[in-house]
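Take a look at this single chain in C-alpha cells; it is the form predicted alone.
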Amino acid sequence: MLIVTEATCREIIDRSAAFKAVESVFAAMARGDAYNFPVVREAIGHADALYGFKSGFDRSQLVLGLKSGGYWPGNEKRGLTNHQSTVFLFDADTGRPSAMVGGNYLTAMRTAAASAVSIRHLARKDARVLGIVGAGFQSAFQLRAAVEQRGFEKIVGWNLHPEMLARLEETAADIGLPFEAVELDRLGAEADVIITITSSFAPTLMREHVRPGTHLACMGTDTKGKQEVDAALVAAATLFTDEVAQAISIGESQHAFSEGLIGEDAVTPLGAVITGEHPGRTSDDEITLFDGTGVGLQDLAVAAAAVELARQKGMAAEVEV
C-alpha cells in the first residue's frame, strides 16, 4: 500500500490537476460510469464534531475507495484546520487497500475545484465581479480557483465576523485584484458570481439580494439542517448539483424541496452540462445555482491523481499490509 502525506499532496496537486479530476468525475457520473454510495455523517457527541464516510466507485478509471473524516469546529484555535479527513483507495479487482492519502488539503482543493467547474460552465462570459460570503479556511481556496474561470476585476466579500475578511483581502491582494468588504445587499447588487462557503444553519443570502444573471455556487451546506441561502432564492434559480439525491436531502436544495417549492426534477447534475446533455445557462438574465454538496467521488478522483503523481515522482511511501 502506498502512503501519500498531506505535505506531498500540497506539493504535487495544483488547481489545474484538481479541476481536471473533478470535472472528469462529474462527467463520468452523468454518463453512469461512476456512482457514490450512501453517505454516513453523524454528530459524535464530543467536541461538537461531525464525522462520517463518503465513498464510491468510478468504473471508467477503476477508482474505488472512501474518505473518512469530518468537521471539528474548535480546531482552528488549536492551529489545525476544522475539516480533518483521510482518503483510502482500494484495488477494484481484489479489494485490497492500495493507498492511504492525506485528505485535508485535497478536500479544500476539490471543493474549490467543484465551484470553479460550475463557474466555467454556468457563469456569464462577461462576469467581472466575484462575491464571496464566508471567510473561513476554505474561502481563500475558493477565491483562487474562481478567478481563473472568468476575467474578474474586483472581489467583494461579507462574513458574519468582519475581522475574518482579512483572509480574503490578503488573498485578493496576492492575486492582484482589489477587494472590498460590503454588506449583503451591496454584494448581491454588484456580484456577477457569488460563492457561499459557510457552515450556517440559517440563510444569510436572500432572494432580494440577488439580481438577474447571477451565478451562485453554494458550497457550505452538506448536512441536514444547514442552510446558506433563502429557499425562495433556490426556487427562483435554475439548479445544478454534483448529485441530486444529496442536494435534496443534505444540500442547499433540501429546504426548498421539503417546503414543496421545487421537485427533484428541478435539479440537474452538473455533469450533464459538461457532457453536453444539458445546455446549462440559457440566457443572460437567468439565475443559475450550483448546489455543491461534496460527493465522495470528488475526493477519490483527486486522491487517485495524487497517488499517480506521487508514484511517478517517487514521493509515495510503500508499506506492507
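One-based numbering along the sequence shown. Heads up, when I say rigid core I mean the largest set of C-alphas that superpose within 1.5 Å between the two forms. Fair warning: this is a prediction, and the values are worked out from it, not measured in the lab.
Another form exists, predicted in complex with nicotinamide-adenine-dinucleotide; not displayed. Remarks below refer to it.
S.K.: According to a 4.5 angstroms non-hydrogen atom cut-off, is Leu160 in contact with nicotinamide-adenine-dinucleotide in the model of the complex?
M.R.: Leu160: yes, in contact with nicotinamide-adenine-dinucleotide in the model of the complex.
S.K.: Would Met219 count as touching nicotinamide-adenine-dinucleotide in the model of the complex under a 4.5 Å heavy atom rule?
M.R.: Met219: yes, in contact with nicotinamide-adenine-dinucleotide in the model of the complex.
S.K.: Although the partner isn't part of this model, could you tell me whether Met164 comes within 4.5 Å of nicotinamide-adenine-dinucleotide in the model of the complex, counting any heavy atom of the residue?
M.R.: It does: once nicotinamide-adenine-dinucleotide is placed as it appears in the model of the complex, Met164 has a heavy atom within 4.5 Å of it.
S.K.: Please tell me whether any heavy atom belonging to Gly103 falls inside 4.5 Å of a heavy atom of nicotinamide-adenine-dinucleotide, as the geometry stands in the model of the complex.
M.R.: The answer is no: Gly103 has no heavy atom within 4.5 Å of nicotinamide-adenine-dinucleotide.
S.K.: Which residue among Ser98, Ser200, Thr238, Ser249 has a heavy atom within 4.5 angstroms of nicotinamide-adenine-dinucleotide in the model of the complex?
M.R.: Contact residue from the list: Ser200.
S.K.: Ala146, Leu233, Ala123, Ala135: which sits within 4.5 Å of nicotinamide-adenine-dinucleotide in the model of the complex by any heavy atom?
M.R.: Among Ala146, Leu233, Ala123, Ala135, a heavy atom within 4.5 Å of nicotinamide-adenine-dinucleotide in the model of the complex occurs only for Ala135.
S.K.: The chain here is shown without nicotinamide-adenine-dinucleotide. Which stretch in 108-116, 175-183, 123-131, 206-214 comes within 4.5 angstroms of it in the model of the complex, by heavy atom distance?
M.R.: Stretch 108-116 is the one.
S.K.: Using a 4.5 Å cut-off on heavy atoms, what residues in 270-293 are near nicotinamide-adenine-dinucleotide in the model of the complex?
M.R.: Sequence-ordered list: Gly292, Thr293.
S.K.: Relative to the superposed rigid core, does Ala266 relocate between the shown form and the other one - that is, does its Cα move 2 Å or more?
M.R.: Stays below the 2 Å threshold, so no.
S.K.: After a rigid core superposition, would you say the CA of Leu50 moves by 2 angstroms or more between the shown form and the other one, or not?
M.R.: After core superposition, the C-alpha of Leu50 moves 2 Å or more between the shown form and the other one.
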